[in-house]
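So this first bit is one chain, no partners, the form predicted on its own, shown in structure tokens.
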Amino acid sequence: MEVLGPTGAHATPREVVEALGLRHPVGDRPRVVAAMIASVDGRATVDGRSVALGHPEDRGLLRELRAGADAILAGAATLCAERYANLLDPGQVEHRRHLGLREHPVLATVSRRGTLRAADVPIFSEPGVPIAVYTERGAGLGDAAADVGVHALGEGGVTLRRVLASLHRDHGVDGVSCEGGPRLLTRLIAEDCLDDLLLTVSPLLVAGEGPTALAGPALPRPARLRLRDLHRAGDHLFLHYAVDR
């Protein structure tokens, strides 16, 4: 991965992640880094999935974020659409042990009405994987081999600020990698809970009516970003922005 920004040196995906400060929470919540990918015209999927937009370095960066974070945050629809499974390879598990982290990050998701079903997401069948599901009233997920905990936050109580505070308080999470989808990321920004954005720009023009990197109601005010680094792999660009508060 070639660095085009102010650091002026080559950087591996692991070095990019190590510079994010995922061990440093922000007040009563974890530090939150979002990783998103979009085509040049802003589309977040091709034929309903993001995989066609990617590059090996982009996938490597995503997996290193997973390896370095205490928790992965993804919406229930994203878990189902992307068929989440096998989030880490053995080398990354060993890297986590070396860092003194638990073997697997917590997988956190929001299913406001409790409609998520374990059978719809392969990772729920992986023994020992810690999964935290946040709902309003609880959920009947069905059989799951993973270590699943359901947090019922009450009618109207599922805010991302409360979810993050719970991850920090109840699960010891200091750093979160948010993987979307677009509506979840919009809510995260609206609640002023995003610290860094890693946006991969894929050299494709997609058009159509598919999702964009953000979706849902307009933000109360645009979030101001500050460019920290710019990386390149082939024709893909990797933009590292910090939220400017």
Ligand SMILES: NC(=O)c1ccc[n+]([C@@H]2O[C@H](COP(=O)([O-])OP(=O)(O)OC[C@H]3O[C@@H](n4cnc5c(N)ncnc54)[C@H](OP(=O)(O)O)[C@@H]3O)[C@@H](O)[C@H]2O)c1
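From 1 onward, residues are counted along the sequence shown. No experiment lies behind these values; they were computed from the predicted model shown.
There is also a form predicted in complex with the ligand; it is not shown, and the following applies to it.
At the 4.5 Å threshold, heavy atoms of residue 112 reach the ligand in the predicted bound form. With a 4.5 Å cutoff on heavy atoms, residue 202 does not count as touching the ligand in the predicted bound form; it lies far away. Under a 4.5 angstroms non-hydrogen atom cutoff, the ligand in the predicted bound form has residue 180 among its neighbouring residues. Mapping the unseen interface onto this chain, residue 49 counts among the residues with a heavy atom inside 4.5 Å of the ligand in the predicted bound form.
Not one of 72, 99 and 106 places a heavy atom within 4.5 Å of the ligand in the predicted bound form. Residue in contact with the ligand in the predicted bound form (any heavy atom within 4.5 Å), chosen from 189, 36, 33, 67: 36. Of the candidates 129, 158, 139, 167, 158 is the one whose heavy atoms come within 4.5 Å of the ligand in the predicted bound form; the others do not. Heavy atoms within 4.5 Å of the ligand in the predicted bound form are found in exactly one of 121-129, 146-154, 81-89, 168-176, that being 81-89.
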